[in-house]
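Just one chain is shown here, as structure tokens, and it is the form predicted alone.
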């Protein structure tokens, strides 16, 4: 095996968690040398990429430009000849992976949740239709694989070190894309990705007014309120509170669900919580498949009893 190239993703001067997830994956595969490709001045933070044997810095702007970044990625692949190229399955990754694979006539496997190295080829598992179907693909390297966020351990991939350094000049492009400015969403009133205890409310709560029960319980537990997508779609809660594939991925110490059935999209965002307690009146709800503890009861009765005990 000729090694792995990890295309690092960054935003606002920091490496994204998916960068460290891909480094953790690369380290577990044993494909040989791990090279990490950075852009602009991000090479100054190369010490955070300690799992990599070498950091390759593309001399270009820090501001994401798909034409410039994909040209730099192609140049890095041609100079290192890796068997596996890991690119994030994110909005930025989508703009990179396709032109890179097309330029070099390489196979591309998207939505990867896992990759196995069989010595001569790779077996990639892709999650399709919002997690409803898993598909395995056997491909020989070199191959471009897009890795889904939240499927590997960012903490294990975040290792201090002193990898060797090299630099490549990002090829000049005559493209039409120009970076103007980064428009960030309005900050929410709470960052649920940092919460140690979350109480997540689902459609089973019944109405917007009934969320008050969950809020009362959260206050006693010093917890934050989260929700599934239907409550955001209904306008009952802010987008900043949504857990799931189209919301936020969370890993609190305690995750309590109230009236959440457990759609694959939601489970993808909370399955790594240390302890999951599910309360639902439907004993066949999929949430019980991932919960450590389950209560098949009316959520209001359970909440009332918990509130009485805590008070």
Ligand SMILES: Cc1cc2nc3c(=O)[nH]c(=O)nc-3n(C[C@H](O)[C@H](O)[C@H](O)COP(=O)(O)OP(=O)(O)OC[C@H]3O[C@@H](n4cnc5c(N)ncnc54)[C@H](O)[C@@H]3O)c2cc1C
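Predicted model, so just to flag it, every value in this text is computed and none were measured. Numbering follows the first chain given and starts at 1. Only the largest set of C-alpha atoms that superpose within 1.5 Å between the two forms is called the rigid core.
Omitted from view is the form predicted together with the named molecule, to which the following refers.
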* Asked: Does residue 99 make contact with the named molecule in the predicted complex, using a 4.5 Å heavy atom cut-off?
  -> no
* **the named molecule contact at residue 228 in the predicted complex, heavy atom, 4.5 Å** => yes
* Using 4.5 Å between non-hydrogen atoms, is residue 202 touching the named molecule in the predicted complex? -> yes
* Asked: Is there any non-hydrogen atom of residue 242 lying within 4.5 Å of the named molecule in the predicted complex?
  -> yes
* Structure fact -> The stretch from 280 to 288, 24 to 32, 41 to 49, 54 to 62 that lies within 4.5 Å of the named molecule in the predicted complex, judged by heavy atoms, is 280 to 288
* Asked: Which residues within 79 to 116 place at least one heavy atom within 4.5 Å of the named molecule in the predicted complex?
  -> 94
* **Residue shift check between this form and the one not shown, rigid core fit, residue 261 Cα at least 2 Å** => yes
* Core-aligned CA displacement of residue 55 at least 2 Å between this form and the one not shown -> no
* Asked: After the core is overlaid between this form and the one not shown, has the C-alpha of residue 246 moved by 2 angstroms or more?
  -> yes
* Look at the CA atoms of residue 248 and residue 115: state whether they lie closer or farther apart in the predicted complex than in this form, given a difference of 3 Å or more. => farther
* Note on residue 124-residue 248 C-alpha separation in the predicted complex, which departs from the shown form by 3 angstroms or more -> farther
